[in-house]
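Starting off, we have a lone chain in the form predicted on its own, written out as structure tokens.
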């Protein structure tokens, strides 16, 4: 079954409201194996709504429309759909009475508004609205099915779950569409593509798509199979991707880098502390974003100035003057000193130039050194990040977490 979603409302086109209805509907349809081919947003305009609907009717056999079922003059979805399908509107007295009673209870609305919402296309099936006034509508014409749902998200979701999905589950194939996300850090999109080029070229079902997000390169595996088979098919593809991409993969689906690292620290019963300069406390913030992080996060010191590096962290003045605050040697000292001060198993030190000022030809904006210290070893790595100040701080923090992650899995 092929479907399209139409969101009606000029407020969406003006950017006044974010359309959360379409993603919700799409996920629900995917769970039934129904392919969503297109999502369209159209304003409260009779001609444009009609044009969009006519185009959709040519392409697909299932259309779900949200919005424009209210009591005001600009709520015209039902009227336009009825006109396109040549359906006459008839007053449903039962719905009219219920709407009037509800409006009277809340001391708002008018008889005219109740009358408008109680006009129902002649052959329509009525979908109950448990928490609002406007009923939903199902129209079936020449093997086409058109659902019209309220635009209010809470009303739409209940109606989708309790009316639309049970109906569609009876007529759709016993398949579902599911996506599984692999998250990578420390590698670019083109490099990922190069490493899995043959897999991408030979994909069919499941399919693979590359996405670049704030949290790194993401690989989306999407499959369409019966429910008892779909996870197994996704795992097969994931297995081959993991062989190719190794420890660049840090997490799946909604997992964040800090969640993954926190889980590893708890599993190994290790504690960590942080000395930050250019990230200004962002790494500590990420650690403490996770509930239960007190079991492994000991504390942090934001040593932004050289004076604080010397007085609080006890990094030797001589070392800072000779090597510079942004250097691998100072990063190592920061990591070592904060580990000793906080009494943690692991110390992380970050020092760099977040910009946009402060860079030199020898030490440009984006240069960051990240060090990790344990009682047995010290490592320091150099990175050169691009972007604005906030981007550099974010990338440095994520890279510090990733560096720690790789150290922890290396010791398995």
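Numbering follows the first chain given and starts at 1. Being a predicted model, the structure only gives us computed values, none of them experimental. Take the two forms, superpose them, and find the largest set of C-alpha atoms that agree within 1.5 Å; that set is the rigid core.
Unshown form predicted in complex with another copy of the chain; subsequent notes refer to it.
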Partner-contacting position among 169, 289, 231, 123 - heavy atom within 4.5 Å of another copy of the chain in the predicted bound form: 289
Listed residue that, although another copy of the chain is not shown, lies within 4.5 Å of it in the predicted bound form (heavy atoms), from 342, 196, 137, 257: 342
Proximity to another copy of the chain in the predicted bound form (heavy atom, within 4.5 Å), stretch among 272-280, 160-168, 94-102, 315-323: 272-280
190, 299 and 308 all contacting another copy of the chain in the predicted bound form, non-hydrogen atom within 4.5 Å: yes
Partner contact for residue 40 in the predicted bound form: another copy of the chain, 4.5 angstroms, heavy atom: yes
4.5 angstroms heavy atom contact with another copy of the chain in the predicted bound form for residue 19: yes
Heavy atom of residue 240 within 4.5 Å of another copy of the chain in the predicted bound form: no
Interface membership of residue 60, another copy of the chain in the predicted bound form, 4.5 Å heavy atom rule: no
Members of 362-398 lying within 4.5 angstroms of another copy of the chain, judged by heavy atom, in the predicted bound form: 389, 390, 393
C-alpha of residue 12 moved at least 2 Å between the shown form and the other one on rigid core: yes
Residue 262 C-alpha moves between the shown form and the other one by 2 Å or more, core aligned: no
Large Cα move at residue 328 between the shown form and the other one, threshold 2 Å, rigid core: no
Cα distance between residue 59 and residue 207, which in the predicted bound form differs by 3 Å or more from this form, closer or farther: farther
Distance direction in the predicted bound form for the C-alpha atoms of residue 390 and residue 19, relative to the displayed form (3 angstroms or more): closer
